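Here's a solo chain for you in C-alpha coordinates, the form predicted on its own.
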Amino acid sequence: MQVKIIIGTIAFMLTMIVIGFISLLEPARMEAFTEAYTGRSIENGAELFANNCATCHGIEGRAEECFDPSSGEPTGCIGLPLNNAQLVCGTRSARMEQLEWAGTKQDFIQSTIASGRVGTAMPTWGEEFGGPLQPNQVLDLTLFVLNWESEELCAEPTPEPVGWPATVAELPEGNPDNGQDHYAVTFGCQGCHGQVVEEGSNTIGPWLGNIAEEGAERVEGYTAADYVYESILNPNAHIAPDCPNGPCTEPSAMPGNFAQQMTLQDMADVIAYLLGTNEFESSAEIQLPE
(Lines give C-alpha, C1' and ligand atoms only; values in the text may rest on other atoms or scores of the structure.)
Protein backbone atom coordinates (compact mmCIF):
# COMPACT_ATOMS: atom_id res chain seq x y z
CA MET A 1 0.00 0.00 0.00
CA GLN A 2 2.80 2.40 0.91
CA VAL A 3 4.53 1.62 -2.39
CA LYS A 4 1.40 2.59 -4.32
CA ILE A 5 1.14 5.83 -2.41
CA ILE A 6 4.76 6.64 -3.14
CA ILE A 7 4.36 5.78 -6.82
CA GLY A 8 1.16 7.88 -7.02
CA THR A 9 2.86 10.79 -5.31
CA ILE A 10 5.84 10.63 -7.67
CA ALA A 11 3.51 10.39 -10.69
CA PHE A 12 1.54 13.40 -9.46
CA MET A 13 4.69 15.43 -8.93
CA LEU A 14 6.01 14.52 -12.36
CA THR A 15 2.66 15.49 -13.89
CA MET A 16 2.77 18.87 -12.13
CA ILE A 17 6.34 19.42 -13.29
CA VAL A 18 5.36 18.67 -16.89
CA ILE A 19 2.31 20.96 -16.64
CA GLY A 20 4.45 23.71 -15.12
CA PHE A 21 7.04 23.35 -17.88
CA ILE A 22 4.33 23.55 -20.54
CA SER A 23 2.87 26.62 -18.82
CA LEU A 24 6.25 28.32 -18.95
CA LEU A 25 6.51 27.62 -22.67
CA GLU A 26 2.91 28.55 -23.50
CA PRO A 27 3.36 32.36 -23.73
CA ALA A 28 6.25 31.93 -26.15
CA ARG A 29 4.29 29.37 -28.15
CA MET A 30 1.24 31.63 -28.33
CA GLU A 31 3.40 34.61 -29.28
CA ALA A 32 5.00 32.63 -32.10
CA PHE A 33 1.57 31.44 -33.24
CA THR A 34 0.21 34.99 -33.19
CA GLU A 35 3.19 36.31 -35.13
CA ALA A 36 2.82 33.58 -37.73
CA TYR A 37 -0.92 34.25 -38.05
CA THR A 38 -0.35 38.00 -38.34
CA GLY A 39 2.37 37.42 -40.94
CA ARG A 40 0.03 35.33 -43.10
CA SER A 41 -2.68 37.96 -42.69
CA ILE A 42 -0.30 40.73 -43.84
CA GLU A 43 0.74 38.62 -46.84
CA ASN A 44 -2.91 38.16 -47.79
CA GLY A 45 -3.46 41.88 -47.30
CA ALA A 46 -0.57 42.67 -49.64
CA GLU A 47 -2.19 40.60 -52.39
CA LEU A 48 -5.59 42.19 -51.80
CA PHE A 49 -4.02 45.65 -51.90
CA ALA A 50 -2.23 44.98 -55.17
CA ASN A 51 -5.43 43.68 -56.79
CA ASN A 52 -7.90 46.24 -55.45
CA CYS A 53 -6.29 49.33 -53.96
CA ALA A 54 -3.07 50.10 -55.82
CA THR A 55 -4.90 51.60 -58.81
CA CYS A 56 -5.96 54.57 -56.63
CA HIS A 57 -3.50 54.63 -53.72
CA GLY A 58 -0.32 53.64 -55.56
CA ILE A 59 1.74 50.50 -55.90
CA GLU A 60 3.55 51.18 -52.62
CA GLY A 61 0.61 52.98 -51.05
CA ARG A 62 2.31 56.37 -51.45
CA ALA A 63 -0.13 57.71 -54.09
CA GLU A 64 2.81 58.45 -56.37
CA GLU A 65 2.59 55.74 -59.03
CA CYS A 66 -0.84 54.45 -60.08
CA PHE A 67 -2.23 52.79 -63.19
CA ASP A 68 -5.43 52.46 -65.18
CA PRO A 69 -6.98 49.06 -64.28
CA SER A 70 -8.42 48.57 -67.76
CA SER A 71 -5.35 49.47 -69.82
CA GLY A 72 -2.53 49.08 -67.32
CA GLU A 73 -1.22 52.49 -68.40
CA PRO A 74 0.32 54.83 -65.77
CA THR A 75 -2.10 57.44 -64.49
CA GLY A 76 -2.46 59.85 -61.60
CA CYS A 77 -3.48 58.59 -58.17
CA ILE A 78 -6.93 59.73 -57.06
CA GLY A 79 -6.60 58.18 -53.61
CA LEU A 80 -4.78 59.53 -50.56
CA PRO A 81 -1.35 58.15 -49.61
CA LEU A 82 -1.62 55.31 -47.07
CA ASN A 83 2.08 54.54 -46.63
CA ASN A 84 2.21 57.86 -44.87
CA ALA A 85 3.10 59.10 -41.41
CA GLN A 86 -0.10 61.14 -41.23
CA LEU A 87 -2.13 57.89 -41.29
CA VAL A 88 -0.06 55.18 -39.61
CA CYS A 89 2.31 56.86 -37.15
CA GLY A 90 1.51 57.29 -33.48
CA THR A 91 -1.17 55.85 -31.22
CA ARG A 92 -3.44 58.58 -32.52
CA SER A 93 -2.37 59.49 -36.05
CA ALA A 94 -2.78 62.96 -37.53
CA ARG A 95 -5.70 61.88 -39.71
CA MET A 96 -7.51 60.45 -36.68
CA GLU A 97 -7.10 63.80 -34.94
CA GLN A 98 -8.34 65.69 -38.02
CA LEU A 99 -11.50 63.57 -38.16
CA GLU A 100 -11.89 63.51 -34.34
CA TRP A 101 -11.88 59.71 -34.33
CA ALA A 102 -12.33 58.40 -30.78
CA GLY A 103 -11.48 54.72 -31.37
CA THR A 104 -8.25 52.88 -32.06
CA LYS A 105 -6.05 53.31 -35.12
CA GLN A 106 -6.88 49.78 -36.30
CA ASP A 107 -10.61 50.48 -35.98
CA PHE A 108 -10.17 53.73 -37.89
CA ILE A 109 -8.49 52.08 -40.87
CA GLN A 110 -10.65 48.97 -40.76
CA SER A 111 -13.93 50.90 -40.72
CA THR A 112 -12.75 53.19 -43.53
CA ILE A 113 -11.96 50.19 -45.73
CA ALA A 114 -15.19 48.42 -44.88
CA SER A 115 -17.64 51.33 -45.22
CA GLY A 116 -15.77 53.65 -47.61
CA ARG A 117 -16.08 57.42 -47.49
CA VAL A 118 -19.39 58.97 -48.46
CA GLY A 119 -19.05 61.70 -51.07
CA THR A 120 -15.59 60.58 -52.23
CA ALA A 121 -14.19 58.11 -54.75
CA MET A 122 -13.47 55.65 -51.91
CA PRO A 123 -16.00 52.79 -52.28
CA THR A 124 -17.31 50.40 -49.66
CA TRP A 125 -15.28 47.18 -49.54
CA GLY A 126 -16.86 45.28 -46.63
CA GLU A 127 -19.61 42.82 -47.55
CA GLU A 128 -21.73 44.08 -44.63
CA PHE A 129 -21.91 47.41 -46.47
CA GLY A 130 -22.48 45.88 -49.90
CA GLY A 131 -18.82 45.48 -50.86
CA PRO A 132 -16.98 42.42 -52.17
CA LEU A 133 -14.65 41.61 -49.24
CA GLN A 134 -15.30 39.36 -46.26
CA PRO A 135 -14.51 40.68 -42.75
CA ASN A 136 -11.32 38.60 -42.53
CA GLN A 137 -10.13 40.11 -45.84
CA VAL A 138 -10.82 43.64 -44.58
CA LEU A 139 -8.79 42.78 -41.47
CA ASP A 140 -5.94 41.47 -43.66
CA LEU A 141 -5.89 44.74 -45.59
CA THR A 142 -5.95 46.72 -42.35
CA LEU A 143 -2.97 44.84 -40.92
CA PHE A 144 -1.09 45.29 -44.19
CA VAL A 145 -1.59 49.07 -44.05
CA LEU A 146 -0.65 49.23 -40.36
CA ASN A 147 2.52 47.27 -41.14
CA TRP A 148 3.86 50.35 -42.96
CA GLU A 149 4.46 52.07 -39.63
CA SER A 150 8.19 52.13 -39.00
CA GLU A 151 10.78 54.23 -37.17
CA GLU A 152 12.13 55.44 -40.51
CA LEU A 153 8.72 56.54 -41.82
CA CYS A 154 7.67 58.17 -38.58
CA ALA A 155 10.96 60.07 -38.34
CA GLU A 156 10.44 61.75 -41.71
CA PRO A 157 10.01 65.51 -41.27
CA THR A 158 6.56 66.92 -41.98
CA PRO A 159 6.73 68.97 -45.20
CA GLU A 160 6.39 72.70 -44.74
CA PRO A 161 2.96 73.87 -45.93
CA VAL A 162 2.84 75.85 -49.18
CA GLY A 163 2.09 79.51 -48.67
CA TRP A 164 -0.85 79.82 -51.04
CA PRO A 165 -1.50 83.40 -52.17
CA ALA A 166 -4.93 84.89 -51.65
CA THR A 167 -5.33 85.71 -55.33
CA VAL A 168 -4.62 83.58 -58.37
CA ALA A 169 -2.90 86.58 -59.99
CA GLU A 170 0.02 86.06 -57.57
CA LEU A 171 0.81 82.61 -59.01
CA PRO A 172 3.81 82.29 -61.33
CA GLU A 173 3.32 82.15 -65.09
CA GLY A 174 1.81 78.80 -66.00
CA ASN A 175 3.09 76.25 -68.51
CA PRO A 176 0.12 74.51 -70.20
CA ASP A 177 2.29 71.66 -71.54
CA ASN A 178 3.40 70.75 -68.03
CA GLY A 179 -0.16 71.30 -66.90
CA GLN A 180 -1.44 68.72 -69.35
CA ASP A 181 0.95 66.14 -67.92
CA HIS A 182 -0.04 67.05 -64.35
CA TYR A 183 -3.71 66.83 -65.25
CA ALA A 184 -3.43 63.43 -66.93
CA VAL A 185 -0.78 61.70 -64.82
CA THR A 186 0.78 63.49 -61.85
CA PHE A 187 -2.40 64.42 -60.01
CA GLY A 188 -4.84 62.10 -61.75
CA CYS A 189 -7.43 64.78 -62.60
CA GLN A 190 -8.25 63.03 -65.87
CA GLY A 191 -9.32 59.89 -64.01
CA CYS A 192 -12.38 61.71 -62.64
CA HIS A 193 -12.86 64.73 -64.92
CA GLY A 194 -12.07 63.03 -68.23
CA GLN A 195 -10.13 64.37 -71.20
CA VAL A 196 -10.70 68.06 -71.79
CA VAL A 197 -10.95 67.42 -75.56
CA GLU A 198 -13.69 64.77 -75.21
CA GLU A 199 -17.00 65.81 -73.69
CA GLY A 200 -18.60 63.00 -71.72
CA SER A 201 -15.30 61.29 -70.92
CA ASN A 202 -15.59 62.25 -67.23
CA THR A 203 -16.40 59.42 -64.82
CA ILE A 204 -16.97 61.02 -61.39
CA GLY A 205 -16.49 64.78 -61.42
CA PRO A 206 -17.70 67.41 -63.89
CA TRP A 207 -16.18 67.62 -67.37
CA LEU A 208 -13.71 70.52 -67.53
CA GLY A 209 -13.37 71.04 -71.26
CA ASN A 210 -15.52 74.18 -71.04
CA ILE A 211 -14.38 75.44 -67.65
CA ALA A 212 -12.83 78.58 -69.15
CA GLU A 213 -16.34 79.75 -70.05
CA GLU A 214 -18.38 78.03 -67.33
CA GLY A 215 -16.03 78.96 -64.50
CA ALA A 216 -16.36 82.66 -65.21
CA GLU A 217 -20.14 82.49 -64.79
CA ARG A 218 -20.63 80.26 -61.75
CA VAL A 219 -19.70 82.64 -58.92
CA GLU A 220 -20.45 86.35 -59.04
CA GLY A 221 -17.28 88.42 -58.92
CA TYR A 222 -15.01 85.48 -59.77
CA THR A 223 -12.98 85.01 -62.91
CA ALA A 224 -12.59 81.50 -64.33
CA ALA A 225 -9.08 81.41 -62.82
CA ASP A 226 -10.44 82.40 -59.39
CA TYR A 227 -13.04 79.65 -59.61
CA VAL A 228 -10.61 76.89 -60.64
CA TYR A 229 -7.97 77.94 -58.14
CA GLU A 230 -10.36 77.95 -55.19
CA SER A 231 -12.04 74.72 -56.32
CA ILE A 232 -8.71 72.86 -56.33
CA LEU A 233 -7.65 74.16 -52.92
CA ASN A 234 -11.12 73.89 -51.34
CA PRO A 235 -13.23 71.31 -53.21
CA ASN A 236 -16.29 72.03 -51.07
CA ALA A 237 -16.20 75.78 -51.71
CA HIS A 238 -18.11 75.34 -54.99
CA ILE A 239 -20.14 72.27 -56.00
CA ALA A 240 -20.42 72.05 -59.79
CA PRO A 241 -23.96 71.59 -61.12
CA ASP A 242 -23.43 68.57 -63.37
CA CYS A 243 -21.65 65.25 -62.85
CA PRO A 244 -21.98 62.05 -64.93
CA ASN A 245 -24.90 60.63 -62.91
CA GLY A 246 -26.72 63.87 -62.12
CA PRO A 247 -25.96 66.77 -59.79
CA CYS A 248 -22.53 66.60 -58.16
CA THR A 249 -22.51 65.34 -54.59
CA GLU A 250 -22.04 67.48 -51.53
CA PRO A 251 -19.56 67.19 -49.89
CA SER A 252 -17.39 67.05 -52.98
CA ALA A 253 -15.98 63.71 -54.14
CA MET A 254 -12.74 65.48 -55.03
CA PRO A 255 -9.72 64.79 -52.76
CA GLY A 256 -9.05 67.68 -50.42
CA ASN A 257 -5.27 67.30 -50.20
CA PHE A 258 -4.06 69.04 -53.36
CA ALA A 259 -2.92 71.98 -51.23
CA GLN A 260 -0.40 69.56 -49.69
CA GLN A 261 0.53 67.82 -52.96
CA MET A 262 1.03 70.77 -55.31
CA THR A 263 3.60 73.51 -55.60
CA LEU A 264 2.73 77.02 -56.75
CA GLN A 265 4.14 76.18 -60.17
CA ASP A 266 2.13 72.94 -60.39
CA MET A 267 -1.05 74.89 -59.68
CA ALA A 268 -0.22 77.55 -62.26
CA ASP A 269 0.53 74.90 -64.88
CA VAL A 270 -2.75 73.01 -64.34
CA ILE A 271 -4.81 76.21 -64.48
CA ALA A 272 -2.94 77.31 -67.62
CA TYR A 273 -3.79 74.00 -69.29
CA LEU A 274 -7.48 74.16 -68.35
CA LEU A 275 -7.97 77.82 -69.30
CA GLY A 276 -5.65 77.99 -72.30
CA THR A 277 -3.68 80.93 -70.93
CA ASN A 278 -0.52 81.25 -68.87
CA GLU A 279 -1.46 84.51 -67.15
CA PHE A 280 -4.45 84.76 -64.84
CA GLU A 281 -6.85 87.60 -64.19
CA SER A 282 -8.25 87.79 -60.71
CA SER A 283 -11.07 89.82 -59.19
CA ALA A 284 -11.50 88.07 -55.83
CA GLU A 285 -9.59 86.84 -52.81
CA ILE A 286 -10.23 83.14 -52.46
CA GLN A 287 -10.88 81.04 -49.36
CA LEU A 288 -7.48 79.56 -48.48
CA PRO A 289 -7.22 76.05 -46.99
CA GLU A 290 -6.72 75.87 -43.23
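One rule holds for the numbers: they count along the sequence shown, beginning at 1. Not measured: the values here are computed from a predicted model.
If you look for the form predicted in complex with a small molecule, you will not find it shown, but the lines that follow are about it.
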Which listed residue (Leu171, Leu143, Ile211, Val196) meets the criterion of a heavy atom within 4.5 Å of the small molecule in the predicted bound form? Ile211
Would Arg62, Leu264 and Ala268 all count as contacting the small molecule in the predicted bound form, using a 4.5 Å heavy atom cut-off? no
Determine whether any heavy atom of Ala259 comes within 4.5 Å of a heavy atom of the small molecule in the predicted bound form, and answer yes or no. no
Exercise: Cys192 in contact with the small molecule in the predicted bound form, heavy atom 4.5 Å: yes
In the predicted bound form, does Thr112 come within 4.5 Å of the small molecule, counting heavy atoms only? yes
4.5 Å heavy atom contact, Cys89 and the small molecule in the predicted bound form: no
Please check whether, in the predicted bound form, the CA atoms of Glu64 and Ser252 lie closer or farther apart than here, given a change of 3 Å or more. closer
Can you confirm the direction of the Cα distance change for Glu64 and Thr249 in the predicted bound form, closer or farther than in this form, given it is 3 Å or more? closer
